[in-house]
Each structure stands twice: as C-alpha cells, then as structure tokens.
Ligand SMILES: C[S@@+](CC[C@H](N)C(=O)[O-])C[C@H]1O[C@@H](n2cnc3c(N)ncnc32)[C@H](O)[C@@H]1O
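This document starts with one chain, in the form predicted on its own, laid out as structure tokens.
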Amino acid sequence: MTHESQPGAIRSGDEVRRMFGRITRRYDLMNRLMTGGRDVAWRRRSVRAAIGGHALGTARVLDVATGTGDLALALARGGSGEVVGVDFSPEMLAAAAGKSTAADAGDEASRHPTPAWVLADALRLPFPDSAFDACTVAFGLRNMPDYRAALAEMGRVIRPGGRLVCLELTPLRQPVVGGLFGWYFAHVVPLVGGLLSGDRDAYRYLPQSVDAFPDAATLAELMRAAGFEQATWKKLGGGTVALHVAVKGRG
C-alpha cells in the first residue's frame, strides 16, 4: 500500500504507540547505529532552520513526536527561549524526561531552558492557535495516521510567518543505490534491531513505512496544501533523509 491509497501511516495509532513503547530502551542506540551517528548533525541543522532569524532565547518552539527528546533538548541548547516536547508514548516521554533531568544536573544547565514534556496526540495538540514561533517534527510524521491532518494541526499552532521544520526518512528511488539501501534496510536493520531491542517486527515496520511515505516533492505539496508557503527541502544522508522547511502563510 502506498501513500496514494491511504492518508497516513501503514499501521494504526494504537499499534504504533505500543511499538514505540516496546523499543524505547534501545531506541537511541539504534538511531546512532542506523545513521552512523549522523542523526545528531541532522538535528542540529533542524534547530538552525527552526530558530534562525530569532534573537537568542526568544523563540517558542514545539517539538511534535518528540520521542526520547533529542531534538527538543537540542532546541533548548541551540538558543530557543521556550521548548515544549509532545509525544503520545508515555514510555518515550519518560525517557525524554530522564534525559532532561540529567541535563539539568550539568554545570551549564542554567544557560538553557528545560523543555516541558506533554503527553498528547499530534492530531489533537492541546495548544491555542498561533501559540508557537516554530514547530519541529523529526522522524515522526511518517508514523501519523493522517499526514494532511497532522500538517494542518501543526500549522494551526504556528503563528503566521512561523516555520515548520520536518526531518524525515524519504524513499530512495535511485535504481542501483536505492536497491542496495533497500536490501540493507529490509534485512540488516530488522536483524540488528531485533537483536538489540528484542522486537524484530518494529524494525520490519521501519523500511515498510518509508517505502509507503510520500517522496520529498510530494510532501512539500502537502505542506503547501496545509497553508504553508516556501516549502523547500534538502536531501541528507545520501538521499535517504529529507529536511523540509516551510513557512506558514500570513493570509
């Protein structure tokens, strides 16, 4: 099943929530292994895209599908004035809060805001209209049950002229390179993920979900249809990841 025939993730929200709850303990380790540690640099780029143009310590940013909190914490360290991380997995949020507590114990904690962690569904965000200067989502949009509705809801809470920054895996359609990466994704990742997390099915879902996800150009079209302007993207990770930046219309 492809994105043309359904509005969102290939599994239900309840299935996805339970799956992430099961793999929380090894989630960060698998991210580092699958990307060769490059996901850290990609998040730094996302931070710059989200808060660029704001004076240091002034931007209010919402990180949707925050997971274990890596991007929310990077936003706090990167110069945001206020950061809120939202996720629908209690286990993931507990891991994020644990990282936040550890960061607060550091010598430089007072220099950065502590993110607020909120248990909520991305399709029903518990915030008023235009509440944030920017919204980020990293490796989470692909798991939402309705991409259009999710983009519209994120757009609702961004102020006019504010930014949406989406870091996400993207289908790799190149015949030779795509075939090699597809084999790695379909066979090696589930094997390693299963050994480390004890949940091979979760890492079978990963390549299947990417294959069914809209490509970068189509995702930019969905953003524009949701009321965003200037929806641009840059491919990272040899074309396996796309960083989209869109601006909410003022009209």
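Quick caveat, the model's predicted, so the values are computed rather than measured. Heads up: residue numbers just count along the shown sequence, starting at 1.
FYI, the form predicted in complex with the named molecule isn't displayed, but the following is about it.
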query	finding
4.5 angstroms heavy atom contact with the named molecule in the model of the complex for D121	yes
4.5 angstroms heavy atom contact with the named molecule in the model of the complex for F20	yes
Residue contact check: N143 to the named molecule in the model of the complex, 4.5 Å heavy atom	yes
Heavy atom of G67 within 4.5 Å of the named molecule in the model of the complex	yes
Residue (of A231, V16, A242, I10) lying close to the named molecule in the model of the complex, criterion heavy atoms within 4.5 Å	V16
Single option in L73, M92, L172, I158 placed near the named molecule in the model of the complex, where near means a heavy atom within 4.5 Å	M92
Answer range among 75-83, 127-135, 143-151, 158-166 for contact with the named molecule, defined in the model of the complex as heavy atoms within 4.5 Å	143-151
Contacts with the named molecule in the model of the complex, stretch 27-44 (heavy atom within 4.5 Å)	Y27, N31, R43
